[in-house]
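For reference, the chain that follows is the form predicted alone, supplied as structure tokens.
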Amino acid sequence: MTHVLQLQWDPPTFSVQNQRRSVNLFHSLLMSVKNVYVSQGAPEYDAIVVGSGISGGFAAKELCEKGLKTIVLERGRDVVHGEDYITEHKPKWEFEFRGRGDRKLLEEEYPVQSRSSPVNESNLHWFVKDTEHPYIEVNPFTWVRGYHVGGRSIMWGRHCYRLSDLDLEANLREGVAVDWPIRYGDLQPWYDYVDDWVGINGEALGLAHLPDSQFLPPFPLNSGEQVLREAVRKSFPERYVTIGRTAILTQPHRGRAACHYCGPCSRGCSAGAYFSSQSSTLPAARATGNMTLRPNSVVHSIIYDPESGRAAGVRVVDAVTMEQLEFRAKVIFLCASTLGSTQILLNSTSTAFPDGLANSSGTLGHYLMDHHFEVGASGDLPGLEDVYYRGNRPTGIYIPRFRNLGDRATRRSDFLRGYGYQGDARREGWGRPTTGFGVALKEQLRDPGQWRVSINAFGEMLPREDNVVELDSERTDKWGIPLLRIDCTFGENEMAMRKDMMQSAVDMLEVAGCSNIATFDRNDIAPGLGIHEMGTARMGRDPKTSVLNEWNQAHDVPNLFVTDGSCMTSAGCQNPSYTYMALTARAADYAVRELKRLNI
């Protein structure tokens, strides 16, 4: 006889201690009754994907195209491609505060995210209100979030750089944290696979430490950037100034139009010229007929079945109605962002995993990383008064890492790892300091100003155990989920690196003939501002020291996969979303093969 056990769980009114005791009781009851369903009539799917951003969108596409009936759970509202890009082409003068934003509103409702320069009046609707989504900063950590279908794939910077064996072997070589369980040879075909789908423009350089992609034609450097490139190459043969490698189309690709240089990409791109879940992966998943997309679905926790040793499904709170739901599946892909996924895992407690699901190693929540940046220099570039450029090119220059490349010439004794630069050259516009008034002032503003070059470094952060996130023991959000406590700081290695990041920028601007060189180093720099949070559920070879194996599969729960930034074992200095997509496609391919073999 099959018994059905109907259990009522009420996370919004639980204390954390009662919630954990109740979850443990829940699983004890399951153990005592044979052939029990977690909840009567819970919908069943082949796969559940939590999150619809860079990783979740790619997971949905891959799993649906491989034939799995998949539900995608997104905690935020729905977003219709194009139709909901409400400020896409709105000119600055139509904004009440000309794009800068209402300072009172930002201070009252976005006090954390307004620290971040990408957050402004024109795209504020893509970012959550800090007052409605609180967390606890033991030390300053800027958690930038967009809760809606597509997530931060709508607002991301789109820079795409491959990790190399220099990055993947660094921990092992230097005795830092644990070794990655994969090497570039494991990732290379999946980077290629992503290239074919996404479309990445750039220039091939043939550098072992920054492998080339399968590029679409690059955006051109402007005249000022060409001057910088030639001067740097002449004076520093190990340094290259190239165009930023970005997931922005320079020619039509897979039904998406080429970029037409219209401008502020973070508002949304109805042409689909830049890659997003809305323009690419979610439509592909939908076209299979295998995807169910459910917005406003806040995942509370993952249900663990102790008899099978598998994840049975997920618990969800409807963000609008507060209805409590459960969904079941054979395989679960957790792609809710680094901190979002870790919060879910930590909250998924049971008798088997009292400290969080798949956390037998005790490493879940530790080794949080970001990139450190906003340090570099800018200067005036003489000449080229008769040269200008057209349109709003959606990327700038990139200078790949040139420190600690494994040879004596690039080795530094004062810090480990390295950094790259992003920046551009441009002529100053009407907002520059001017003199005079009346007709003379208008004529002055009509002409372009001085050429100015700016380069901003992005440096690697080392993984440290004491950079940790955990659940608060007393406070919950309005959906009954314990708040995250984030305790993360940059270390001595990052601070030592920043000195060289600034000086190297000055050196390159000087050889280019720049004058009025000004250095910058943000004095309140803290983790999170790079918006590249990583780690906390790292990959590794040993289940005793890591959460995930080489396939992004939980060591402890074989049908659970985590493919967002939480899986990263080290950070590199490259923008990481490209790597998340490659890891997701690789993990989905493995998961489906293992499902067919009945191994998970």
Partner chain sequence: MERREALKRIGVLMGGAVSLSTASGILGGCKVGPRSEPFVPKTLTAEQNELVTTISELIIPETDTGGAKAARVNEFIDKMLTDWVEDDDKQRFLSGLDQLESSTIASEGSGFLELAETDQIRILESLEAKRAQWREAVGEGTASREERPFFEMMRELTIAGYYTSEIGASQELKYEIIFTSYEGDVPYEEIGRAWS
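Source: prediction; values computed, not measured. Numbering follows the first chain given and starts at 1.
What comes next is about the form predicted together with its partner chain, which is not displayed.
Asks: I need to confirm a contact call. Of Lys234, His260, Arg411, Arg173, which residue comes within 4.5 Å of its partner chain in the model of the complex, counting heavy atoms only?
Replies: Of the candidates Lys234, His260, Arg411, Arg173, His260 is the one lying within 4.5 Å of its partner chain in the model of the complex.
Asks: Just to be sure I understand the contacts: of Pro140, Gly406, Pro118, Pro448, which is the one whose heavy atoms reach within 4.5 angstroms of its partner chain in the model of the complex?
Replies: Contact residue from the list: Pro448.
Asks: Can you check 312 to 320, 325 to 333, 515 to 523, 439 to 447 and let me know which stretch has heavy atoms within 4.5 Å of its partner chain in the model of the complex?
Replies: Partner-contacting stretch among the options: 439 to 447.
Asks: Tell me, yes or no, whether Arg393 is in contact with its partner chain in the model of the complex, where a contact means a heavy atom of each within 4.5 Å.
Replies: Yes, contact at 4.5 Å.
Asks: Taking heavy atoms and a 4.5 Å cut-off, does Pro217 contact its partner chain in the model of the complex?
Replies: No.
Asks: Any of the heavy atoms of Tyr389 lying within 4.5 Å of its partner chain in the model of the complex?
Replies: Yes, Tyr389 is a contact residue.
Asks: Would you check, heavy atoms only and a 4.5 Å threshold, whether Glu96 touches its partner chain in the model of the complex?
Replies: Glu96 belongs to the contact set for its partner chain.
Asks: Which residues in 209 to 227 have a heavy atom within 4.5 Å of its partner chain in the model of the complex?
Replies: Counting only heavy atoms within 4.5 Å of its partner chain in the model of the complex, the contacting residues of 209 to 227 are Pro220, Leu221, Asn222, Ser223.
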